[in-house]
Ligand SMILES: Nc1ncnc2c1ncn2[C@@H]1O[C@H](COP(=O)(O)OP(=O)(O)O)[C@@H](O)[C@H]1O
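Coming up is one lone chain in structure tokens, specifically the form predicted on its own.
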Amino acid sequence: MLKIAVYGKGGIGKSTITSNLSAAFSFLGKKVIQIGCDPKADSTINLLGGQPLLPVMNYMREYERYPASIAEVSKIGYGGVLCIETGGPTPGLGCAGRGIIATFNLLEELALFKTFEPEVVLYDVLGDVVCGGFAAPIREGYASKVLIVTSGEKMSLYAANNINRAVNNFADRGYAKVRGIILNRRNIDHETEKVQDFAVKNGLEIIGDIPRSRDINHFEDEGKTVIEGNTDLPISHKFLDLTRMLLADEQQRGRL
């Protein structure tokens, strides 16, 4: 099973990246789960035709009980992708990270992976603060690979550096490792050089380069990924090429 955690600064486009990767894996015939680990709970919206999904934490507050099955807190999106959102506490009350931990524990109790038997699992994780529950995909063994989404902007690279340091802190425990950087371009001055310099200093590889694209915005307005919108587009090929590379990694390791 290929298990990937996608981290990045809030607003950097990690949910767009993650949902397009999920759609691309599905297009290539893989059985996929995407779990949004952000209190905004909008990670999977473009896999679901623009319709928001009731997050696990919200479900438990609304119904005052634990869900009895995965079906109560999930929806099937484009290409059969199983979509789940952790959600978070009532704004201003409680810790969103603890909500992620509670959700993960619940999904284990409901035997999510045994029941659905995915080939690929993607976690879309807020990376501004890599601590507590937001580090759960790294330190609890849920993910085996981390992808860091960044632009060349200063604060985006600052967050990327914190994420990389957090992952490295768990390196000796056999937890997830950073597979590489996805450059999600903002078209700022010297962006390529800035991200390449960061990658070299940290011994990382830029494995994806996503240009700014009107096609992404166009299909998001329709509640779609570009993969669902048109797989022949150059931007769709970017995501498909990245998924093929990640699958080839796993095949070489005998995990797929």
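Residue numbers here begin at 1 and follow the sequence given. No experiment lies behind these values; they were computed from the predicted model shown.
Although it is not shown, the form predicted in complex with the ligand is what the next lines describe.
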For this session: Report the stretch among 114-122, 74-82, 147-155, 173-181 that approaches the ligand in the predicted bound form to within 4.5 Å, counting heavy atoms only.
Result: 147-155
Exercise. Of 51, 217, 230, 192, which residue is found within 4.5 angstroms of the ligand in the predicted bound form when only non-hydrogen atoms are counted?
Worked result: 217
For this session: Assess the spot marked by 143, 164 and 253: is the ligand within 4.5 Å of a heavy atom from every one of these residues in the predicted bound form?
Result: no
Exercise. Is there a heavy atom of residue 40 lying 4.5 Å or less from a heavy atom of the ligand in the predicted bound form?
Worked result: yes
Exercise. How about residue 58: is it within 4.5 Å of the ligand in the predicted bound form, going by heavy atoms?
Worked result: no
Exercise. Quick one: is residue 12 in contact with the ligand in the predicted bound form, heavy atoms, 4.5 Å cut-off?
Worked result: yes
Exercise. Is there a heavy atom of residue 199 no more than 4.5 Å from a heavy atom of the ligand in the predicted bound form?
Worked result: no
Exercise. Who in 210-248 is close to the ligand in the predicted bound form, meaning a heavy atom within 4.5 Å?
Worked result: 210, 211, 212, 213, 216, 217, 220
